[in-house]
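Shown here is one chain on its own, the form predicted alone, set out as structure tokens.
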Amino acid sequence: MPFNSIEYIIFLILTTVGFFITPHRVRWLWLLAASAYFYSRSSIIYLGVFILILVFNYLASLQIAKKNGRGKKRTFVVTILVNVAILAFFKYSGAFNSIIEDLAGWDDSFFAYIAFPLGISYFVFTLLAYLIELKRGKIVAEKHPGIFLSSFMFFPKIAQGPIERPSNIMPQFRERHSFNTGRTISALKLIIWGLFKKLVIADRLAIYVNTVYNNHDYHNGTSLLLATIFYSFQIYADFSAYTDIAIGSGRLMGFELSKNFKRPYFAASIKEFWNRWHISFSLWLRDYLFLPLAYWFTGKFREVTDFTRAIEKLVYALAIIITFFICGLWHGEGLNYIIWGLLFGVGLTFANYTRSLGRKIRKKAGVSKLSLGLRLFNVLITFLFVSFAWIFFRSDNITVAGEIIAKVFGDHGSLFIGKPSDIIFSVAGVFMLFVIELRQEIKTGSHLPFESEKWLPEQLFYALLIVLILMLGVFDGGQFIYFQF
């Protein structure tokens, strides 16, 4: 049930109304039933799989909370490994099938018939966060099976996140939520903005991007360069649109999900980009992968040598490169995804090693770190780096990515236009997104795209968004990009 469908809008309205007329003590049951129905529209079989995974983790979490010492650690490790194995089983079934075909010579193996369950990555990552926080003693085990199940299955976040921390989402299922007019209006505005970004910006950009990238052999570097820049905005508008609709959907019922994007293309460094892009996933990587790796490497180096500045940088390099290698591996089984991840890992390592050099150059040139000109330059360089990395992400494989890069840097000609209106509307959509986010960056920290002290201009803005959605929206049922991950 895609967020950008009439079916979802009707479902959301009925679920919200039902939520507020249901007694507080059994609202978890209503939300669990609604979430189960939402997921069943994708796959009734995998709904059963998800529930079995949840039951296993619920029972295991109670054992982790109850045990001490080696028994606690053993149960924790086994539970983590089972969850990782489940994710790997579904995530890499295609790769497993290829390996078996090559070794055994079979046309198809069992793995060839395994479909990728919607939201399995976000689902498992949320469970891992819960188990790790429980093991660290930062939370207590949720004993109410209904709240445990409904909080993990909560329909706004199950397909594409945000990857909620248990300390944020679970307590909200115990709170009493009353209908609030101001909160409802805020939620609806956020949903409208999300639909606008998806239907008018992302899906309009997708027309040109798909035409050029899917036929890259027939296009020159000029067209591929424009398609690459368009894709940078397409994937951002698409993914952030889903998050906005998810947050708005939860807010209608009084649930506050985590903010997942903070205008990432205004970032002045790769590190800042990841602090603004897919924030819940970035924090997950930091807290559950990068920091444990850094601590482990630090301990190993302390055993054999004095801990110098050079060793500290080496620890950072090893931890960050491994983290982003795994990040790329998570996104897909192709080498292109691994290269995409490693580009960021190497980029962050390079930035860490050259930080002092950058300070010396600025000092010699008499340029302040707070200089607007320097920030604009860094924002441009960061955007170009990220856009270059997106080539590997968007390409079907590493060979295609290499061919596209070769053309972008050495084979230019006349720009492919196709249908002129698609280019015009795409550029207009990107410009509107840029202006709105620039206003947010300078003037306000609100999640809403437009707020005004005057009532009328604000309402007219959202009315305009609705009109533009109806007039220019691409209503072809286009799926959200990150559903495949």
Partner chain sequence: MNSKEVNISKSKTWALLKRALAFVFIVFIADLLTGEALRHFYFRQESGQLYRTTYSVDSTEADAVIFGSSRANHHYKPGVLADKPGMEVYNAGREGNFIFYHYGVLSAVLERHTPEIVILDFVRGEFRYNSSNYDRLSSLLPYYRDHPEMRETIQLKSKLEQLKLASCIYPFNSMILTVAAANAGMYESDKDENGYIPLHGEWGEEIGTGKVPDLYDIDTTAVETYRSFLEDCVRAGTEVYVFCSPVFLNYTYEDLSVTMGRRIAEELGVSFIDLSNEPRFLSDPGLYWDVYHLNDRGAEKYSEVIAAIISGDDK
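What you are looking at is a predicted structure, and each value in this text was computed from that prediction instead of being measured. Numbering follows the first chain given and starts at 1.
Another form exists, predicted together with the partner chain; not displayed. Remarks below refer to it.
Q: Three residues, 265, 283 and 289; all within 4.5 Å of the partner chain in the predicted complex via heavy atoms?
A: No: none of 265, 283 and 289 comes within 4.5 Å of the partner chain in the predicted complex.
Q: Which residue, 59, 52, 435, 424, is the contact with the partner chain in the predicted complex, using a 4.5 Å heavy atom cutoff?
A: It is 424.
Q: Give me the residue from 459, 63, 440, 42 that has a heavy atom within 4.5 Å of the partner chain in the predicted complex.
A: Here the answer is residue option 459.
Q: Could you confirm whether residue 470 comes within 4.5 Å of the partner chain in the predicted complex, counting heavy atoms only?
A: Result yes; residue 470 sits at the interface with the partner chain in the predicted complex.
Q: Look up in the predicted complex whether residue 455 has a non-hydrogen atom within 4.5 angstroms of the partner chain, and give yes or no.
A: Yes, residue 455 sits close enough to the partner chain in the predicted complex that at least one of its heavy atoms falls within 4.5 Å.
Q: Is there a heavy atom of residue 466 no more than 4.5 Å from a heavy atom of the partner chain in the predicted complex?
A: Answer yes; at least one heavy atom of residue 466 falls within 4.5 Å of the partner chain in the predicted complex.
Q: Flag residue 204 as yes or no: does it have a non-hydrogen atom within 4.5 angstroms of any non-hydrogen atom of the partner chain in the predicted complex?
A: Taking the distances in the predicted complex, the answer for residue 204 is yes, it comes within 4.5 Å of the partner chain.
Q: So if I measure heavy atom distances to the partner chain in the predicted complex, which of the stretches 211 to 219, 180 to 188, 252 to 260, 369 to 377 falls within 4.5 Å?
A: Only one stretch qualifies here: 180 to 188.
Q: In the predicted complex, which residues of 9 to 36 put a heavy atom within 4.5 Å of the partner chain?
A: Just 10.
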